[in-house]
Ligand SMILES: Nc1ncnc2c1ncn2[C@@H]1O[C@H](COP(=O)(O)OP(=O)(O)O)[C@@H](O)[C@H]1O
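Quick heads-up: it's one chain on its own, the form predicted alone, in structure tokens.
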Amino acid sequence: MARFSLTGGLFGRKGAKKAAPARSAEMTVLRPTTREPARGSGAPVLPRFNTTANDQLSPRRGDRFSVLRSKIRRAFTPSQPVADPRMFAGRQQILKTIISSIEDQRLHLVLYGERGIGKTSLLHMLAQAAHEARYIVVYTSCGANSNFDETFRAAAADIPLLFHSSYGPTTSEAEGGATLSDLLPSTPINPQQFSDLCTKLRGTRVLIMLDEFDRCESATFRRNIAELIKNLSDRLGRVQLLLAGVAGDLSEIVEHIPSIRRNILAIGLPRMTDAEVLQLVAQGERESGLTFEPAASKLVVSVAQGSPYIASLLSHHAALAALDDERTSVLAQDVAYAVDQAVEEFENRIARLSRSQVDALMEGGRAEDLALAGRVALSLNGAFAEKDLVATGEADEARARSIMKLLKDNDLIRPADLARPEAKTVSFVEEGLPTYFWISWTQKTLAAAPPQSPRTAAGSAG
């Protein structure tokens, strides 16, 4: 895949404020149909929301720009998972594999990958497909204190009693809206009890999704999940589990129990290809009504490095920047501006101590080294080794060794597998550091590149 080189330049310009480009005959320019009335002398004009709480346009903001802004908010949602199938880009083959594994092999699944790679969005698409097939879908987001009794008692409450073999749809209990949870004892339940209940299901299938499974700190909970998977598989239960979380492989998600591995399909969600990122941008164009010029789309692909989150974030900010200049055509300079906004956002997510330490390193001439390490970490789901730096072709063994020493001496990395600290694979101590390194270097590269003048950019847009 074509990727943004650390040593290569990109066109565009940087700055918090952008001059409006000269208009070409081919560029669509929108003019507001209404304007805010002028306030009295000395009265401050404060910012207001453009839409009401029920997602309707505010009467005071009823111009065409507000309509487009509301569409952009639906088209690019970096802070939320994708819930609309029309906005789901790529991943079709992975979704097909998951559905086949559930339907044809009756497997349980583990979906893993770095944060922001699109796991929850994929779960939403799977849930919709399962609902269409009449599955009962139970979705739970795990937390540090998740426990088996609470999690699966809640799951049982989502399964109507009418699907229990001992209760028909016309029984008083079923007609009264009872669920499987009504059959559970008041004392904490265990995997055996829940699987016993599941073996009595008839006429439906149940898919239980445990998202962010890696957040759970209880080893007992993980062992209980493994035992439940074994019981459900051995007894041909009509309930299947799907665990999703941030991890490098299956062993980081489920306790190592060899006997259940044949019942599980583990899928690592990779970074998006260039074509999939372009599809994400194109779907946003269709939904919002804006057009990304080829150079703008190419810059989004280069900077995103296969991350759907970064691609959506940059597209969101760039589209709004174009509207600020009263354009429906998004230019490369808008994406450069979006990079500035992204740097500020990522910077604020890093601990203050780490940020001051990192800034000192970047200002001390090691920005390119940090960016290379960040980009490699991003491309490998967070875990990397010295050999991975060399494999890029941008660092020889001496430079790779120097970069790893820099990261270690400044306490920026730790063993990727804490159970095996002697392993050579490492990860950053803060998950936001790789992205911050990469985006910050991109910003510096864009600032150093010969900028296009607004007039030249506008002229080339046609």
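These numbers were taken from a predicted model, which means no experiment stands behind them. Counting begins at 1, following the sequence as shown.
Only in words, not in the display: the form predicted in complex with the named molecule, which the text now covers.
Contact annotation for Ser312: at least one heavy atom lies within 4.5 Å of the named molecule in the model of the complex. Contact check for Arg222: no non-hydrogen atom falls within 4.5 Å of the named molecule in the model of the complex. Residue contact with the named molecule in the model of the complex: Ala89 places a heavy atom within 4.5 Å of it.
In the model of the complex, the named molecule lies farther than 4.5 Å from every heavy atom of Pro191. With the partner omitted here, the stretch from 164-172, 341-349, 116-124, 382-390 that lies within 4.5 Å of the named molecule by heavy atoms in the model of the complex is 116-124. This chain is displayed alone, yet in the model of the complex one of Ile229, Ala373, Leu280, Leu299 has a heavy atom within 4.5 Å of the named molecule; that residue is Leu280. Of the candidates Thr77, Gln305, Ser329, Ser233, Thr77 is the one whose heavy atoms come within 4.5 Å of the named molecule in the model of the complex; the others do not.
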